[in-house]
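Next up: a single chain in structure tokens, the form predicted on its own.
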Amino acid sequence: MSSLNFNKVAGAVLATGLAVVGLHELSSGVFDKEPVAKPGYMVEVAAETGGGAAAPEVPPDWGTVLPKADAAAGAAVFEKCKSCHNADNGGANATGPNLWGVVGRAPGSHPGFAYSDGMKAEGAKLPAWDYQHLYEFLAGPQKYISGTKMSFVGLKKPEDRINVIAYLHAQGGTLPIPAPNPAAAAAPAPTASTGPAPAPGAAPAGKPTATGTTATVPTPGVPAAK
């Protein structure tokens, strides 16, 4: 190969290399890449609404809610219970006991059904299924009675539980509906951490001494009595 041809080839290779380098620099300027702070995939998580623990559920005033409850709606909700129960008069036991007359009946007492030890223990301490205990049991059977055979997750909506109890009460229930007492349902439950508020202008309570008497707290700037 003559020196002229070699120079042409070398020049072409050099020009190609310069073009590649130039395109790389140009593309870096157009498409600016920011370094990733932390590798991984972004997963969107729904923000939680509210803060703190949920407010405790206020027990219904049964004398007020039961006369207004929708037993037909309760019968519709009870359809999901029929795979294990029936509430017919004289109906047979299935996976769960017959529920005719369950409102006012002692827990674990229906003839011919093999109850769990947990339900038997409940029957030993609770004379009869009343409205409030049924209400709490239907919210979460496994949480209410440990070891119960009822594996149903429970009815989370209070109105569903009230309507189902109204339906069961119509199915041979023997427990009378109490008189309305809305003040009892509206009253907040007392907490162990709170105590009676001091009277306006009252001095703070003294501190008990080792002998059980109360020592007076001295006021700054005033000599203590001797």
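Quick note: we count residues from 1 along the sequence shown, nothing fancier. These numbers come from a predicted model, not from an experiment.
Below: the form predicted in complex with ligand HEC, not depicted.
Using a 4.5 angstroms threshold between heavy atoms, Y131 stays clear of ligand HEC in the predicted complex. Using a 4.5 angstroms limit between non-hydrogen atoms, Y144 is distant from ligand HEC in the predicted complex. Although the partner is absent here, S83 sits close enough that one of its heavy atoms falls within 4.5 Å of ligand HEC in the predicted complex. Mapping the unseen interface onto this chain, G96 counts among the residues with a heavy atom inside 4.5 Å of ligand HEC in the predicted complex.
Looking at 131-151, the residues that come within 4.5 Å of ligand HEC in the predicted complex, counting any heavy atom, are L134, F137, L138, T148, K149, M150, S151.
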